[in-house]
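Below sits a lone chain in structure tokens, taken as the form predicted on its own.
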């Protein structure tokens, strides 16, 4: 049995994750959710004391027009998820029910709605902020958390199809957003060390699609636009990215018309915490009973 299946089986047997019959789609127990809630409080405790981010919680679905305008489908079509619904008449409904009864593909009659599953917590933010007008003189800082969707079914419990992402997003001048990212790269390592996890910082790239995507990924690495904190979850040799630190340059600023107070195109950066992945890393490292975790880890999380 491979380590991914072994950890997943232990989590399911312990009731920490709940099987739904779909790879990468799990229920979470109260104990699992408690660790996530306490880790989020620890994130807040490690944030800069003088930071006053605007807190926004978007739903796990976003405006389809905004999704299309983001350019996501150019880079990650293999990961996207759309929301379709029945839009027919009574006869269509009868045909649908007959199709289900016969074991056919009843989804063929579904039509796309104006909702797309959120691929990353920050994606709904940019058009909303752009609509407000220029950023204030100090730029913008936002605190987000959302369920996100990636279509990549897997037996690896750290590669869920629906998972939560906590993000801080900084908008402003290149200097402002780069300072933000550098600060959080240090804070992130201290935060993970505080809960007894081994961590490795490395350059990374997003999973761009196709041949052109390989070139984009190489360019992203060469420019050091993306760093990740790698933590052992299912393997010590092949660690899992649990935090990411991204500098988008002026991509979202240009895409959405985000501007600074003086009218320049805004740059953006973000730090993202994979909440389920970090929680899985904690259970993998410290055991499946939180009462048995090391005293310093329990103190960091439970006080």
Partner chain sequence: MPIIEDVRQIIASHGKLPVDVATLADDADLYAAGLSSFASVQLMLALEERFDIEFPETMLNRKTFSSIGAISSAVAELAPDEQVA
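Numbering follows the first chain given and starts at 1. Fair warning: this is a prediction, and the values are worked out from it, not measured in the lab.
One more form of this protein should be noted, the form predicted in complex with the partner chain, which is absent from this view; the next part is about it.
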item: Selected contact from 93, 155, 214, 151, since only one has a non-hydrogen atom within 4.5 angstroms of the partner chain in the predicted complex; value: 214
item: Heavy atom within 4.5 Å of the partner chain in the predicted complex - residue from 219, 82, 203, 189; value: 219
item: Location of the partner chain contact in the predicted complex, chosen stretch of 178 to 186, 74 to 82, 142 to 150, 193 to 201 [non-hydrogen atom, 4.5 Å]; value: 74 to 82
item: Proximity of residue 223 to the partner chain in the predicted complex, heavy atoms at 4.5 Å; value: yes
item: Exercise: residue 251 in contact with the partner chain in the predicted complex, heavy atom 4.5 Å; value: yes
